[in-house]
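First comes one chain, alone, set out as structure tokens in the form predicted on its own.
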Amino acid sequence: MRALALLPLLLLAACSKESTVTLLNASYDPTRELYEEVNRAFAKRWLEKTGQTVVINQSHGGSGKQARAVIDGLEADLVTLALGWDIDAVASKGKLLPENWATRLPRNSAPFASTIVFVVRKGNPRGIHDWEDLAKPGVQVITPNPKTSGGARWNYLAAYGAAQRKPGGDDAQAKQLMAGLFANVPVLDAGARGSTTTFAERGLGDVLIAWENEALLLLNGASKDTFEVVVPSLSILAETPVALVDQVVDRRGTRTVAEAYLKFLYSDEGQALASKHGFRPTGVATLEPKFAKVSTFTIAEGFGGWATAQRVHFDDRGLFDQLYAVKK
């Protein structure tokens, strides 16, 4: 009788071990290929360690749009977004995770980083070499919309900060550069991957302002004989953070596996996969030769952090709105 009484518990334990757990990772556009491989690698390791099958589903879009979707109810266990400000919004507006989220993982919760470079057509027919070349009359520049795309905000701040930091540079020169640059932008896509498609597949534009990982992806694919990368003299270090969405994982009972997934990004295997897909691993002292040698500044050094950058440049009626209104 005692054995019969234990049977339901044994069956429950067996079902629990063999059950499948699912996670949803809300990420930004250019991480698709990276997380496809990370997901497979993590699922394999988790199965080996626990005997449990894990399926990680992905949601991709402009970083700002993804943050708003999570705030509005997208049941994402994880957010892996383009910039800390978007995760701050999930914390402050959505109340879905604590506002000190960036302290819970190493390196301000940024396992990877990137920088901003240019992609031009083979032979660089327009002679694009540095930021000031993007403001020359007749040069068509492709970059996404800073209102919806984290990559676009990094692009904007890289250009603005570089103009400030050049010899004799100041805010007035930075504003002049940005006005000329956006006067040359024919279309603002919602996300960075959309801008890459506009440039590479639709054939629009002379230069694409891009994440370094997007540029490397183009050069490693079928388009390697069509494009080349130009590295500006100064750019920004684009740290891309990750976070657990506490309210979702606790409601769904997925905290343990979700925490393990984020820690996997910091592992040697996770860092190697990041490098393979063109993201700069933040846990290594020396980068591979494929990564551009470029002087960079951080968001804190250039703009006092994301809160100030957002308020001054990207909030409604901020500097970006003023510059783009002049174009219209």
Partner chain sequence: MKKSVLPGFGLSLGVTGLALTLVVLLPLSGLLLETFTLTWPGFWSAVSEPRAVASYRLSFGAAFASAVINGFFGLLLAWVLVRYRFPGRAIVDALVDLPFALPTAVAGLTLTALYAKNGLLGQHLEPLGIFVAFTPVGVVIALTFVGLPFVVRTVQPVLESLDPSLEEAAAVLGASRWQTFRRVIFPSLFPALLTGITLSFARAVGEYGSIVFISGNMPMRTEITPLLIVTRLEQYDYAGATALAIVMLAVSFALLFTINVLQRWSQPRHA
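Basically, rigid core = biggest C-alpha set you can superpose within 1.5 Å across the two forms. Residue numbers count along the first chain shown, from 1. What you are looking at is a predicted structure, and each value in this text was computed from that prediction instead of being measured.
What comes next is about the form predicted in complex with its partner chain, which does not appear here.
- Its partner chain in the predicted complex comes within 4.5 Å of a heavy atom belonging to R68.
- Of the heavy atoms in G64, some are within 4.5 Å of its partner chain in the predicted complex.
- Although the partner is absent here, S109 lies well away from its partner chain in the predicted complex, with no heavy atom inside 4.5 Å.
- When its partner chain is considered in the predicted complex, W306 lies well away from it, no heavy atom lying within 4.5 Å.
- Segments offered: 140-148, 236-244, 100-108, 126-134. Contacting its partner chain in the predicted complex at heavy atom distances within 4.5 Å is 140-148.
- For a residue to qualify, one of its non-hydrogen atoms must sit within 4.5 Å of its partner chain in the predicted complex; all three of D72, R202 and D316 qualify.
- Exactly one listed residue, out of A179, V187, V230, L219, brings a non-hydrogen atom to within 4.5 Å of its partner chain in the predicted complex: V187.
- Contact residues in stretch 69-108 (any heavy atom within 4.5 Å of its partner chain, taken in the predicted complex) are I71, D72, W85, D86, A89, K93.
- With a cut-off of 2 Å and the rigid core superposed, A69 has a Cα displacement that reaches or exceeds the cut-off between this form and the one not shown.
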